[in-house]
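First comes one chain, alone, set out as structure tokens in the form predicted on its own.
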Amino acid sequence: MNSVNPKIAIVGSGAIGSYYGCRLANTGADVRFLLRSDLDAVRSSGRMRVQLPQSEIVVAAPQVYGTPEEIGPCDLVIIALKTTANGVFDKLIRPLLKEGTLLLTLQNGLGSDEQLAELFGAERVLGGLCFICVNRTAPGEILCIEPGAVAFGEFGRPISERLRAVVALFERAGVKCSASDNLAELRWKKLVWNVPFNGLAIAAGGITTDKILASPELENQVRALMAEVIEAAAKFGYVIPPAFIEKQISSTRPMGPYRPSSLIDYLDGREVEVESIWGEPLRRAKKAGAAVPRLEMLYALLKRLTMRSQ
């Protein structure tokens, strides 16, 4: 990757992709946004905007494109698509590749790293886990409630100099970052939050995180699901301390009436990331011998509910 002024493509310019793309562009980075439904609206407004808790970032005249061919080969491709769109990886990503192009996936759940590696080569793949509270409110308009942090890792490899260069790129953009030698462990840690809060927000009738935690019964379910995810992770050698549960819950309380991304997709009638967030972790957990009955029940319920919403 050209570490001086890398050409960066954002594939999946929703809440996550637009947020980090705008932060990078705000530092002068060469960021190209691949847009679909928002393209005309953003071109018309001539800007993209991120509203932060105490400030805002406005990117005037953002570089927005309707096809990857218009963007052309890049040094870094940041993938923030919903995993339900992974079937179009080849169509969207291959035109952006050249020798040395890095693929950084910020996607939820399990399975994307392996899919990207199979299609484009494991040597290209990096991952980032976004611990953030952010929503897209309108075309090119992003509301960030809690900036949080990003944890980065190489797919199947320890921390490298190129990973450190990506971390430095994000840090220059004002993003709190960390790097790990074990990307898979990071993914299981993210699931500790995603499995219960994304899942119960839908299963409990379309409710926000504050309402989940306002119910003693639902909070107990959150804790039980988190414990199952931690037990499953341990089967793969990833030790997540039980105190991590309280940390996740205490950090969620100040978010207020936050709508997790899966709830937004469900309420808007879009396909929900059921397989990557619940299905694939369940399959891997059972294969490893973990007892995850609550996860199994939640997965079955979400499959039924999301089928009816589409």
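All of these numbers come straight from a predicted model, not from anything done at the bench. Start at 1 and count along the sequence shown; that's the residue number.
This protein has a second form, the form predicted in complex with a further copy of the same chain, left out of what is shown; the following refers to that one.
Heavy atoms of Leu97 never reach within 4.5 Å of a further copy of the same chain in the model of the complex, leaving it off the interface. In the model of the complex, Arg162 stays away from a further copy of the same chain, with no heavy atom inside 4.5 Å. Among heavy atoms of Lys211, some come within 4.5 Å of a further copy of the same chain in the model of the complex. With a 4.5 Å cutoff on heavy atoms, Ala300 counts as touching a further copy of the same chain in the model of the complex. Although the partner is absent from the chain shown here, none of Ala85, Arg259 and Asp268 has a heavy atom within 4.5 Å of a further copy of the same chain in the model of the complex. Only one of 195-203, 100-108, 143-151, 113-121 lies within 4.5 Å of a further copy of the same chain in the model of the complex by heavy atoms, and it is 195-203. Listed residues Ala234, Cys177, Leu218, Ala184 were compared with a further copy of the same chain in the model of the complex; Leu218 is the one with a heavy atom within 4.5 Å. Note on the partner interface in the model of the complex: the residue among Val167, Cys133, Leu225, Ile93 having a heavy atom within 4.5 angstroms of a further copy of the same chain is Leu225.
Within 4.5 angstroms of a further copy of the same chain in the model of the complex, the stretch 143-182 places no non-hydrogen atom at all.
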